[in-house]
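Take a look at this single chain in C-alpha cells; it is the form predicted alone.
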Amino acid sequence: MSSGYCFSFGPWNISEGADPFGPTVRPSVAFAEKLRLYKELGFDAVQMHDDDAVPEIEGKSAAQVEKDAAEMKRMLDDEGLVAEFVAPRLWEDPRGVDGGYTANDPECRVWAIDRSKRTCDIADVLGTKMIVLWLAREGTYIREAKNAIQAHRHLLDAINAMLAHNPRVEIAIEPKPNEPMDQAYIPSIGHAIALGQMTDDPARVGGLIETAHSLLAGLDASDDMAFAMAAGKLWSVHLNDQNGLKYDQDKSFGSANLRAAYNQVRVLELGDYPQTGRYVGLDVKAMRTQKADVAHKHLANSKAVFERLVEKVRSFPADIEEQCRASRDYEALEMAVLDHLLGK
C-alpha cells in the first residue's frame, strides 16, 4: 500500500452473526472464499487460531497436524497471503473452562501447555514465528476461586515452556481486563510487558494491543500503544471501536470515536510502525442486521478510514503543533486538530 502499512484479518471477521442473545442470521462462508475475498479487499496476512489452521486438532496425531498445517500453507500461498500469527484456542475446550494455564487441575494445565507447544509447531509450518496469547479464561469470577499469586506463576511456566519448545517463536500477549471472565489476569499492556520481563527470554515476549480492550480497562489505546512502542514491544495491533464501556463490540474502526482513531494512527506514525514490518489487524465485526451479501463492508470501511487517517496525520502542519506547544496554547492545538479532521 502507498501508506506503507500491511493489514491482517481473522477468519472470524466474517461471521454468521450469532450473539449471546440470538442465533446465527447469515449463512456460513467457506474458509477458502474468505481468503479470496480478503485478498481482494487489500489484506496481506491471516490471523489464525490453531484450530483454524488444523480443524479438529485435538483428535489428530502430530504427523496429521503437520500435514494439515502444510495444506493450509499451500492455501495461503495460492491466494498470495501469509500467516501473521497462530494462537492456541484453549477457551472452547472443556478442559479450559476454568482457564487452561491457570486451572486448579494440574492435568488441565499440562494439556494447555501441550496444545500450546503444538501451536508453535503449526506456526513453524505456516512460516510465522509469532504466537499470540489471548488469555481468555485465565482469571476468575470470584477472587477465592484461585490463588492469584500461584496463577501468575503458572502463566510464567506456560510461556517459558513455549519458549523452550521452539527457539524461533515470539510470543505476543494480548491483554484484556474482562470478558469472558469477570476479572482477567494480565488486564493491561503494562502487565503483559512485566510478565514478559519475568520469562526466561524477555526479548522474545511482547504485546498485541486491541483498541476495545484498552477502552474496557478505562485506558487510552493510543497511550497503551505508545508505552509498548517505547519499550520496543508493540508487535501487533487490533484496531476497532467501542461505544462505551460495554462488552467487546468490535465496531468498525473510527465509527464511534473518530478523534480517538486519529490518535491511534498518529502514534503508529510517530513510532514508524510500518518500518517494523508488523501488521495492522482490523478486528471488526459486521452489524448483526447486515445482509449476507454485504457483510464484508465493515472490513473495507475500517481499512478505508485507517488509510484516510494516515493521510490526515501526515498532512497536519507540524509548525502549528510546534507553535502551540511552545506557547502552551493547547486549546488552539485542539481546535487545529479538529479543523484538520473536519476538512477546514
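A residue's number is simply how far along the shown sequence it sits, counting from 1. Keep in mind the model is a prediction, meaning the values are calculated, not measured.
Beyond the structure shown, there is the form predicted in complex with D-glucose (GLO), which is absent from this document and is the topic of what follows.
With D-glucose (GLO) left out of view, the stretch that reaches within 4.5 Å of it through heavy atoms in the model of the complex is, among 117 to 125, 169 to 177, 264 to 272, 217 to 225, 169 to 177. Although the partner is absent here, residue 49 is a contact residue: one of its heavy atoms lies within 4.5 angstroms of D-glucose (GLO) in the model of the complex. Remark: residue 210 counts among the residues lining D-glucose (GLO) in the model of the complex, judged by a heavy atom distance of 4.5 Å or less.
Put simply, residue 87 is close to D-glucose (GLO) in the model of the complex: some heavy atom of it is within 4.5 Å. The closest non-hydrogen atom of residue 247 lies beyond 4.5 Å of D-glucose (GLO) in the model of the complex. Only one of 132, 239, 159, 189 comes within 4.5 Å of D-glucose (GLO) in the model of the complex through a heavy atom, and that residue is 132. In the model of the complex, every residue of the candidate spot (12, 91 and 283) has a heavy atom lying within 4.5 Å of D-glucose (GLO).
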